[in-house]
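Taking the form predicted on its own, here's one chain by itself in structure tokens.
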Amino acid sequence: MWSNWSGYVSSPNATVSTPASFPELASLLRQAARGNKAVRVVGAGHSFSPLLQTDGLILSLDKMQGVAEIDRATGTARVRAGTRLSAIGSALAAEGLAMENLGDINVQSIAGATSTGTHGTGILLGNVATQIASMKFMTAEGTEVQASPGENPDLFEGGRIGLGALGVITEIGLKVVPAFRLKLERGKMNFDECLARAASLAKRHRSFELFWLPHTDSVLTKVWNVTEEPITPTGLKRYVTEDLLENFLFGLICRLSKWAPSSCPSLSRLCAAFISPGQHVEASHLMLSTVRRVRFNEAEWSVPAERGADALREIRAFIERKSFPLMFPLEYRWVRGDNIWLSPNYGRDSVHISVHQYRGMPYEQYFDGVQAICLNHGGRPHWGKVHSLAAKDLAGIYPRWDDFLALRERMDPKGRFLTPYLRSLFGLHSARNQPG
């Protein structure tokens, strides 16, 4: 049985296959077509929406990993689609290169991360899919199709965030930059002061994000800037902060909150008491990602950058009016606008507000309330996170929605890469004998 990282989404009846070559992948796709089975491709399972839920065939590209070629003349690297972000980071670093930016989790596959709109933070930095220079897809018939700004440009514009609905991504050409080091500075601020200064902090630093702890006035801030300073040796202080406090102790506190939900406000204040200033320097690919051992479910919304602070204030007031068993921090990050059809950042610089709930604890009313607030501020959902929008809602907030639907129909006319959830998401009618 396949299930995602949090255990929220599972496919107990699916067949899971792990091809080791392109011919084997093509053969599996043709077999699935003959058996009228839906096909979905899985990476690390870090999506919380049911994008991968199917009774058909789940393909893992774990055996199709690695950096295939580095072209220094064009500043690109060809990477097999199943390659984990952590492996890309170390392989590029060995060549004196790096990706421009990363999300805060690096166990995802590059195809999974880009297809759902994964991002880091930085008002001048786009989501990970904006670093794509070219792509290769394999259709349901096992045929390879290439996409770049000069070859199948509509597939390139629409396919960089494609939800796995256009075909199997087999290879991605990534724009790369010379390797660089980052200095992280952690701090603690009051909620109101932090939001008043947030926009200027985002402009002043390469990357800036904040974590607000519910039921408190405390905010953990993180800023990153490029530096020539030497890498900070791994020591006891970093171990205590990054592993002992953020994973082990926080995990214990989360388990306690699940056992005694009424203690959540007190536990959140306890977490706030542990926030302390600190700084260290590390290679970019190691600095930008964080080890997350505490499992949770998540919803995330992109709102226009100028409306983010008001949205977060409303979410805070909403939490204070309700009695949610909640002590998981809210995350607040910046992402530069782009022109990718299904990007939550299409046509605008954005703030992303992420809300979490510990695995196994109730989240529905909390996530629904946050969704309503963010929609009122022009919000768009992160495709890999929990939301309840349908096709009619999405058509109104994604300007290129109809263009993507037409592209999907052209790439997969028989719906081999669709599931009941995706049919509903795209507003397609269900019919007998369709893959599912």
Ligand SMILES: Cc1cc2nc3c(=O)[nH]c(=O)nc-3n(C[C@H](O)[C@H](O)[C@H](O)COP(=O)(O)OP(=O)(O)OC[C@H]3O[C@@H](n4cnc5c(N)ncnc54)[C@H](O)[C@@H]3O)c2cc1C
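From 1 onward, residues are counted along the sequence shown. None of these values were measured; they are calculated from a predicted model.
Keep in mind that the form predicted together with this ligand is not shown, yet the notes after this line are about it.
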{"property": "Proximity to this ligand in the predicted bound form, single hit among 386, 29, 41, 370 (heavy atom within 4.5 Å)", "result": "41"}
{"property": "Sole residue of 163, 311, 123, 210 within 4.5 Å of this ligand in the predicted bound form, by heavy atom", "result": "163"}
{"property": "Non-hydrogen atom contact residue 67 with this ligand in the predicted bound form at 4.5 angstroms", "result": "no"}
{"property": "4.5 Å heavy atom contact, residue 168 to this ligand in the predicted bound form", "result": "yes"}
{"property": "Distance check, residue 296 to this ligand in the predicted bound form, heavy atom within 4.5 Å", "result": "yes"}
{"property": "4.5 angstroms heavy atom contact with this ligand in the predicted bound form for residue 115", "result": "yes"}
{"property": "Full three-residue contact with this ligand in the predicted bound form, heavy atom 4.5 Å, for 52, 103 and 382", "result": "yes"}
{"property": "Segment assignment from 388 to 396, 372 to 380, 42 to 50, 401 to 409: heavy atom within 4.5 Å of this ligand in the predicted bound form", "result": "42 to 50"}
